[in-house]
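One chain is shown next in structure tokens, namely the form predicted on its own.
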Amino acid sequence: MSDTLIFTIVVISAIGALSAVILYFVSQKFQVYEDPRIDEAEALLPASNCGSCGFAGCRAFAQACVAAENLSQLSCPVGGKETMKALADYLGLEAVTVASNTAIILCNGTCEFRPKTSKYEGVQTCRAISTVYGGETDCHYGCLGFGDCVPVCQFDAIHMNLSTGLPEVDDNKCNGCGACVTACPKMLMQLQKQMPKNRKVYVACRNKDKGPVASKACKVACTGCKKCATVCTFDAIEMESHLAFIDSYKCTLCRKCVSVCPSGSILEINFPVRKLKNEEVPVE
């Protein structure tokens, strides 16, 4: 073996050894410590990575929980109170009960109430049609009917009703993750407090036009008459841009607003059928 070859091998070996030493000290200098509890906390989460907690996935949420002094500002909508209790028990913190949310669609403009006045033949998505024009009906605020909210739901909780042309939410599957809220270009999907027996009272309209214009475009549009806000004794209804909004955290489900709404834009869901006053008993 020539002296040149031996010298080359020695130099390369020395460079390799020196590089290894440098890399070791650099790794020690800049290493990031990760609390081992993060893995255990992440294992307690539903692994849906939906982002409804406000973090970029379950691991980021687990990191936030481990770093937090208390869990009062942290919530996993998908896992619910059971998951948060398990996290609190593991981390030695106090469990905080947070109300669950469910999704609703702020539109009741079915084909019956809001007939089509034009035909769209472009890309069949709500996002695409919303960039071109207001939709196939005279209401430019209503549901576009192409179901962008359906595929983004990881829990199979939303389906399109072909007879009404509107999406429907399965309350037993909805986890309040908010993916549908982000997907809707018309901002018609909204999260509200989940009530007992999945009961809901809400204004199913976002038409900001004044009464006559709104009612001409859709028979069940909110006309901004304010009758609902007047009868509500719980300060749960606010008026904004000729529209009524019901705060589900203030609403007591008394349904007085439903009775006085002249356009039928306020829906009552999952309630027993009302008994009419002075209801006539059929003669046998």
Partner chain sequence: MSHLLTVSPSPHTKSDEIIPKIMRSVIVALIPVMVLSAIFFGLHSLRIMLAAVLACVFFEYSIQKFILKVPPTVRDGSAVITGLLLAFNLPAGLPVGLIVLGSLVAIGIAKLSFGGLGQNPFNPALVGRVFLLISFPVQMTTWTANITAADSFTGATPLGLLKEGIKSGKSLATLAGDAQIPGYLDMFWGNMSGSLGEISAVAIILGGVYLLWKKIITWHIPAAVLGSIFIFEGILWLIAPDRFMDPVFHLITGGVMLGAFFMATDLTTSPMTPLGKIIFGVGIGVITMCIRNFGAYPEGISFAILIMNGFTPLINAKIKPKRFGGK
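Fair warning: this is a prediction, and the values are worked out from it, not measured in the lab. Residue numbers count along the first chain shown, from 1.
One more form of this protein exists, namely the form predicted together with the partner chain; it is left out here, but the text below deals with it.
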Would you confirm whether the three residues E238, T252 and V258 all fall within 4.5 Å of the partner chain in the predicted complex, going by non-hydrogen atoms?
no
Does at least one non-hydrogen atom of Y120 fall within 4.5 angstroms of the partner chain in the predicted complex?
yes
Contact between V132 and the partner chain in the predicted complex at 4.5 Å, heavy atoms?
yes
Any chance K116 has a heavy atom within 4.5 Å of the partner chain in the predicted complex?
yes
Looking at 105-113, 132-140, 147-155, 196-204, which stretch has residues with any non-hydrogen atom within 4.5 Å of the partner chain in the predicted complex?
132-140
